[in-house]
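This document starts with one chain, in the form predicted alone, laid out as structure tokens.
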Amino acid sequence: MEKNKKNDKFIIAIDGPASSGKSTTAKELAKRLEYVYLDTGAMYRACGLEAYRQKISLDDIPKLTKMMQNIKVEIKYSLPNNIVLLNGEDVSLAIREPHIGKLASDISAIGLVRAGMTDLQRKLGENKGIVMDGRDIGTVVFPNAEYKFFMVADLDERAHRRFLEEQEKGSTKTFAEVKDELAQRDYNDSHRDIAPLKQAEDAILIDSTHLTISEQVEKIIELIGKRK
């Protein structure tokens, strides 16, 4: 495929709940289109990690405000995964710890944190030619994105995917525990007051329950009229 000219590039927003396949699909899609991939969830994980390291309670707004004034989150574009720098330190692995994932969900519901990361995400997408996945990309971060997709999957299927991931990391969690955690994450993300998880009115719904990653990518490429 020939590289896109700058004025032909656009923003692709992919939203959806945890383990719906959006991140893996977004990474592969960006690779196929020769676009930049940005995992916005990693940015909130970095904020959660910093709060954890500083032992800041998430209801301590003054300390969180000071943290956000001093924090520096950078994304280095790299495949297969972005490199995430927190105050200059590569925390790409540290932010994937299960307890940081829970913190990320909680801290992302705080207005001052959300505002700071949203501003950064918008700056990163100024030149377009980018695929972003998250929970509010199509509704809040880039409501005018040229292409929006909302990925879903059956809870049991998503729990199965997450359970396998947890096992690979040596987790002893049961399937039931993983499923309960996902269900709670879904509720928290969709019921928060600020930028809740929801499908944008103009987003295309993609159910990945019975689709492979390759099939998901092909479906999106077909929909946006791009071919390898």
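Each residue number is its position in the shown sequence, starting from 1. Keep in mind the model is a prediction, meaning the values are calculated, not measured.
The protein also exists as the form predicted together with ligand DC; that form is not presented, and the subsequent description refers to it.
Asker: Only one of 170 to 178, 36 to 44, 198 to 206, 56 to 64 gets a heavy atom within 4.5 Å of ligand DC in the predicted bound form; which is it?
Answerer: Careful reading of the contacts points to 36 to 44.
Asker: Report whether the minimum heavy atom distance between Arg192 and ligand DC in the predicted bound form is within 4.5 Å.
Answerer: Yes - in the predicted bound form, heavy atoms of Arg192 and ligand DC come within 4.5 Å of each other.
Asker: Determine whether any heavy atom of Asn82 comes within 4.5 Å of a heavy atom of ligand DC in the predicted bound form, and answer yes or no.
Answerer: Looking in the predicted bound form, residue contacts with ligand DC do not include Asn82, since no heavy atom lies within 4.5 Å.
Asker: Does Ser92 make contact with ligand DC in the predicted bound form, using a 4.5 Å heavy atom cut-off?
Answerer: No, Ser92 stays farther than 4.5 Å from ligand DC in the predicted bound form.
Asker: Check Arg158 for me: does it contact ligand DC in the predicted bound form (non-hydrogen atoms, 4.5 angstroms)?
Answerer: No, no contact at 4.5 Å.
Asker: Answer yes or no: in the predicted bound form, does ligand DC come within 4.5 Å of a heavy atom in every one of Lys22, Ala104 and Ile137?
Answerer: Every residue of the candidate spot has a heavy atom within 4.5 Å of ligand DC in the predicted bound form.
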